[in-house]
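Here you'll find one protein chain in two forms, each presented separately as structure tokens under the names structure 1 and structure 2.
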Structure 1
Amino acid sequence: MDTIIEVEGLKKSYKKRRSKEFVHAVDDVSFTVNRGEILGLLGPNGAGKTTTIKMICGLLIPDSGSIVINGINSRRKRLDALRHISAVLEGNRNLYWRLTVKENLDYFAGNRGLSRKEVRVQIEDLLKKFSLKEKQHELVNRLSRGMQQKLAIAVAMLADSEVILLDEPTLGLDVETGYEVRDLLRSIVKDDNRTIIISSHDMDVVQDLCNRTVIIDKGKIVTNDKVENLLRLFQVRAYTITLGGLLSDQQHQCLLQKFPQLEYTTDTIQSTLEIDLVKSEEIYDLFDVLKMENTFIESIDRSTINFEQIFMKIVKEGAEGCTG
């Protein structure tokens, strides 16, 4: 696979206010991004996502570590490396608020040295693609948040860089605009051959859009895996088992010892076990306990688990046993 970004041993600390202590915001982070993928950078508040994104797009200088963009080391050849990257940060700071939609697009296109005709065609296309044509003469500070977000992404597209970094691209958008932005991002990758790194707290967006996720917590990577692998891995381990009778006290105690997280519910003729295995082979231990008294199994179902639940588990459990 063709690597477009390589981050190696990245570190950044901030000095705490009125203290001699430091916050290790990003603490030895390494990962790669493949050309043409949408990588999700996830983690709880304060995990170090924005700090990582700002270092990759050159807004912050790392304390140590290296960032190689399209084969170019960003410390040695900063401008050359940064040419391949555009970023849309929180708060849409890449827009001029007192200019109109079209003036913003004209301005940023002007930076690229294209002919007037080429610029006109590209801007028309973007206005259409991002459904901003009707608002082209509106000042940015009079646009809704969703429209500003779309314009910010359109401006990032104009730079024609292969990689686009987006910090929380769907934050505060209504459901419809959120879906529109998702479709736009998908088409940017598919039709325009771009690579996207997004940070997001919206796990539905991540499950829907990202090929792979890097999850960080307290400045360190806890998982780096494909979304489908994580879904499969966690799906395999969560079961709901319906029994055609009740467990004896001895069986119940035995199971609780092995699986402290076990949930056991009963009615008069049936009982249900909900279990979340650490390893899929553990299901045989459970069968052994049921076999002790020939307890009849009526059904075994895999519980459905969404990416949000997986994210919570990974962050809670830490790295152990989570990466595939």
Structure 2
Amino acid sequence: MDTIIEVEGLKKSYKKRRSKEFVHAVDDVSFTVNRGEILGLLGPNGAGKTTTIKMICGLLIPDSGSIVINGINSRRKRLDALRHISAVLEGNRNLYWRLTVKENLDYFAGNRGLSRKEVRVQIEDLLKKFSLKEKQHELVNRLSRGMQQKLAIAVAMLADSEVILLDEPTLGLDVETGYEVRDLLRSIVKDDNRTIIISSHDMDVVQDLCNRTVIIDKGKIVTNDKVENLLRLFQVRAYTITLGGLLSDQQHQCLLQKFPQLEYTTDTIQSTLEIDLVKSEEIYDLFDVLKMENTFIESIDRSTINFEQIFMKIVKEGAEGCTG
């Protein structure tokens, strides 16, 4: 598959205030972005995700490593490389609030060296595509959050850049507008041949839109895989087991030692185990513990899992790997 962005060995450190100690915000991060895909760039707060985004957008200079955008090294030819990427930052900082919708589009077109005549047709198309035609003479500060977000994406489209980076594209939107923005992003990839990088804490958006995810934690990549592969992997590992009785204290302790992620709930009639199996043969260890007290198994089912659960599992397992 054709690669449009290559990030290789990226590092960035900051000196702590009033200290000689350095914090490694990004520590040897490498990944690629394929042309025409929607990539999720994820990570918990303080993981190094925002620093990585700012380096890709040219807002920060890496201490070491390289970023190649559409074959151009951004450290050697920064402006040439950045012409191929547009960013929509969280908080609608891409817009002038005291200008109207159309004035914003006209202004940013001129800011990129394009005349009104050159972009007149494109602006009209964008106003229609993003359902902003009726609001074209409205001041941005009077628009709803959803309208502002759609305008910010439309402004990014003006540059005709191959890659659009979106930071929290659905944050603060109502459900209906959130789905509308998702549909717009799909059409941008399909109809306009763009590539999209999404940074979001909304795991439903990631699961719904992204082909692949790169998850960063503690400055390092902890996973880089297709969303469907991760869903399939964790679906196989997650089980719900319904028991016909209660576990003894000894059984409970044995299971917790073997399966630290175990969740055990009980009521007056039955009890339930929520368990992840790293290896399929571990099911026999579970059976051995239940056999200790002849605990009856009523059912074993694969658990339904969503991407938010996967994200939390990956980050937690990555953290345990770092400390172990």
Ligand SMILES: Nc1ncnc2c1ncn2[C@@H]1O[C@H](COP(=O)(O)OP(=O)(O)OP(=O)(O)O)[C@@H](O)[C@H]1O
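Residue numbering: structure 1 sequence, from 1. No experiment lies behind these values; they were computed from the predicted model shown. Between two forms, the rigid core is the largest collection of C-alphas that superpose within 1.5 Å.
- The form predicted alone is structure 2, not structure 1.
- Once the rigid core is overlaid between the two structures, L290 counts among the residues whose Cα shifts by 2 Å or more.
- With the core superposed, F259 shows a C-alpha displacement of at least 2 Å between the two structures.
- Fitting the two forms on the rigid core leaves the C-alpha of I275 displaced by at least 2 angstroms between the two structures.
- Taking the core as reference, the C-alpha deviation of S299 between the two structures is 4.8 Å.
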